[in-house]
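First comes one chain, alone, set out as structure tokens in the form predicted alone.
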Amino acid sequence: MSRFVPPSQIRAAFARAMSAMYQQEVPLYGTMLRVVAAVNQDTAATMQDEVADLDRVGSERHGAIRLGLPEEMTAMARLFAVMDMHPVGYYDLSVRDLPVHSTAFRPLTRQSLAENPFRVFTSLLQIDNPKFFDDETRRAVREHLEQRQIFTDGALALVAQHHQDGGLVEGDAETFVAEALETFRWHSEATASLAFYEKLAAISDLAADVVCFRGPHINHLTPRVLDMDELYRRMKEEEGIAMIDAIQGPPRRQAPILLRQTSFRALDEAIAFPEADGGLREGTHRARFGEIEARGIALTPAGRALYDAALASGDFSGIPDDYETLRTEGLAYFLYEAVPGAAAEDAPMEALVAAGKVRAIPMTYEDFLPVSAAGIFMSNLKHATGMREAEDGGQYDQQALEAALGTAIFDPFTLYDAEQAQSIAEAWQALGLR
């Protein structure tokens, strides 16, 4: 038996610590969690065809952070690897006028996700993108970011120890959680002058948020809800909380697909900005908001093509709204599970499903949508993005982000394909078939 703490346990401890910290920093987040829990309880009681795993849904969170330099992304990837979280999916938000591109760190396997489904959507500033920054601003941004260290010495030492030894023992794992948490803590004093902050905010609030603070404070920590529309109604009508204008993602459906998101509006928070004379100048910053997500079934490339076309046209009627059609037309991913006690029968999988010997379970979408992510971000900005005229956006693509990460980005479709294939093999084995 290994003496190391399983990465999923470290991840679960970190997610709990992050949630407790964020609830202390943003009291309205606690209200949101209360409403989410109530909606989930009420919704689960009415679900007939599906059984909600309230333990998993209740513990599910995803955070979001924004980094400035490739070196920060490299170190962050090593830190998340301690918790068995790896980059999955590539999202270029610059196409939506935001100066970042992103990936999401998460567990890779069904088993690891079941143990704790914590994710962190992580963005990197496109400093060299001429659509956002001129040469002078680019130099100033880089010089400012190079002066900071977003990780504690203790966190860096334990990350190095983990990668050298292959894991962390119990006491070190507890210390790692405490040290790593400091990277994501909110600070009410900026590291840049108000004038520099305002210059960057005129380009993008995201740029100001990345550059002008000590580190990548968590800007939202998202719980999962089973009924997004009811949650949105209760937050607005019963709690009187200011929400963004719309739910991002696909419309409400009988067979939910992909991801739906909404949030309460970002808070204007008092910030002290240091001035050249050594004094502080008061200002405000808007970065942190309360996002909620509802997750549906993962779509195959063919299903995703239908979704992207529907998103462009605004007409979602062409996407089948029942699980069986989604399955038989190869538009969505399913997990296959042999029914306990079913007699073995040498037949194709479709025949076994039709005969009730194998159950097809919708596979949860574990990733993100670039348009929805951008929509959430933009709904909470104070300023319009100040795009510049430029012929191209520089060399920003998946390969560039992988270079910053120091590792390859996993393709979500490949992961879903593998999970579906494994479940089919396990169903055959359970029936005693080859």
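In case it trips you up, residue 1 is the first one in the sequence shown, and so on. The shown structure was predicted, so the numbers you read here are calculated from the model rather than taken from an experiment.
Just so it is clear, the following notes concern the form predicted together with a small molecule, a form of the same protein that is not shown.
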query	finding
Close approach of His220 to the small molecule in the predicted bound form, 4.5 Å, heavy atom	yes
Heavy atom of Met32 within 4.5 Å of the small molecule in the predicted bound form	no
Contact flag, Glu291 vs the small molecule in the predicted bound form, heavy atom cut 4.5 Å	yes
4.5 Å heavy atom contact, Tyr333 to the small molecule in the predicted bound form	no
Heavy atom within 4.5 Å of the small molecule in the predicted bound form - the one residue of Gln261, Asn116, Ser204, Gln126 that qualifies	Gln261
The unique member of Phe80, Phe121, Phe213, Phe133 whose heavy atoms fall within 4.5 Å of the small molecule in the predicted bound form	Phe121
Region of this chain that lies against the small molecule in the predicted bound form, out of 400 to 408, 53 to 61, 35 to 43, 369 to 377 [heavy atom, 4.5 Å]	369 to 377
